[in-house]
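A lone chain, given as C-alpha cells: the form predicted alone.
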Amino acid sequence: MGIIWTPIQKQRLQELNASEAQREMCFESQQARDRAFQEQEHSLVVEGKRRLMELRDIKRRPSLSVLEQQLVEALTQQGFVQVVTPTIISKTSLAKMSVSDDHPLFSQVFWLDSKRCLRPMLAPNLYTLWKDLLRLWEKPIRIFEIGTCYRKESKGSLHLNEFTMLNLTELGLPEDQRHQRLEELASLVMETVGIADYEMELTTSVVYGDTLDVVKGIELGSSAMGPHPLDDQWGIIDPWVGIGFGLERLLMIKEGSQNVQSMGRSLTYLNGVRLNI
C-alpha cells in the first residue's frame, strides 16, 4: 500500500474542493507526497482566486442566489405561486407534524423557548396555508416556498445546521395521477438545476413514512403524497403531492463540490471558494 495524504493535508484538499481522485492519491515516499501536496494546493488556490475574481467582475451574485431565482422563474411559469412564511414556528405546529418530545427529529430542533423554535422544515406552514386557500382558490392549489430551515445536524460533508429548502406542493389533483405528478415535478426541478441521470428511490422518512427520494449519489430531494394521516391535523382531505429539495446539496452535485458547507451561507466560503487562500 502506498503512502497517502496526512489527515491535515486531506482536510485542506477537501476544503479547497479537490476532486475525489486528487484526495485519494498514493505516493512512493513522504517526500513525493509533500511535494505533490504543495503542487495540488497551489493549483486549487489559483483556481479559487480565479473564481472569486469571476464573482466580483462578472457574476456578481453567488450560485445559491442564482439558483433560487432560476427555480422561482421555472415554477411560476408552470402555475405555482410562491409564498413566504415565518421562520419561527410554534411547538404546537411542529407537534402536528408528529414531531413531539419523543420523536427522532425533536432533539435536532433549535428551540427559542418552551413554545417556539426555528423551523426544521417548511411543511407545517404550507399545511396552514392550504387550509385557508382551500376556501379561497379553486383546486388544484399549487404553492411553493424557498426558505431557510434549521437543524442540529451531525457534522459532515453532507449536512448543515442552516440550509435552504425548496418545497413545492400541489393539492387537489386526481389521486391516480400522484406518482406521475411527482416524477414531473422532480424532472422540472432537476432540469432547471441542470442535473441529469438522477434516480427516484423508495425510502422511509421519520415524518411521512414511505417516501420517494430524488437521488444522484446522495439524497437531493424527498417527496410525499396524501391523503396522509398527518392531514387530519389541518382538516385536509384532498389528494396532494409535495417534494422538497435541499438547494445546497443540489449545488454541490451540480458544481462538483466536495462538501456542502462550501455551498451554503458562510463566513468561511464565498460562492464555493474557501477564503483562507
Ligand code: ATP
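This structure is a prediction, so every number in the text was calculated from the model and none was measured. The first residue of the sequence shown is number 1, and the count goes up from there.
Keep in mind that the form predicted together with adenosine-5'-triphosphate (ATP) is not shown, yet the notes after this line are about it.
Chemist: Residue 249 versus adenosine-5'-triphosphate (ATP), in the model of the complex: is there a non-hydrogen atom within 4.5 Å?
Modeler: Although adenosine-5'-triphosphate (ATP) is absent here, residue 249 would touch it in the model of the complex, with heavy atoms inside 4.5 Å.
Chemist: Given that adenosine-5'-triphosphate (ATP) is not shown alongside this chain, does residue 47 nevertheless sit within 4.5 Å of it in the model of the complex, heavy atom to heavy atom?
Modeler: Output for residue 47 is no: heavy atoms all beyond 4.5 Å of adenosine-5'-triphosphate (ATP).
Chemist: So in the model of the complex, does residue 220 come within 4.5 Å of adenosine-5'-triphosphate (ATP), heavy atom to heavy atom?
Modeler: Because a heavy atom of residue 220 falls inside 4.5 Å of adenosine-5'-triphosphate (ATP) in the model of the complex, the answer is yes.
Chemist: Evaluate residue 119 for contact with adenosine-5'-triphosphate (ATP) in the model of the complex, applying a 4.5 angstroms cut-off between non-hydrogen atoms, and reply yes or no.
Modeler: Contact check for residue 119: no, nothing within 4.5 Å of adenosine-5'-triphosphate (ATP) in the model of the complex.
Chemist: To test your reading of this chain, name the stretch in 57 to 65, 33 to 41, 225 to 233, 238 to 246 whose heavy atoms come within 4.5 Å of adenosine-5'-triphosphate (ATP) in the model of the complex.
Modeler: Contact criterion met by 238 to 246 only.
Chemist: Taking adenosine-5'-triphosphate (ATP) in the model of the complex as the reference, which of 188, 83, 158, 129 has a non-hydrogen atom within 4.5 Å?
Modeler: Only one listed residue qualifies here, and that residue is 158.
Chemist: Have a look at 75, 109, 171, 165 for me and say which one sits with a heavy atom within 4.5 Å of adenosine-5'-triphosphate (ATP) in the model of the complex.
Modeler: Contact residue from the list: 165.
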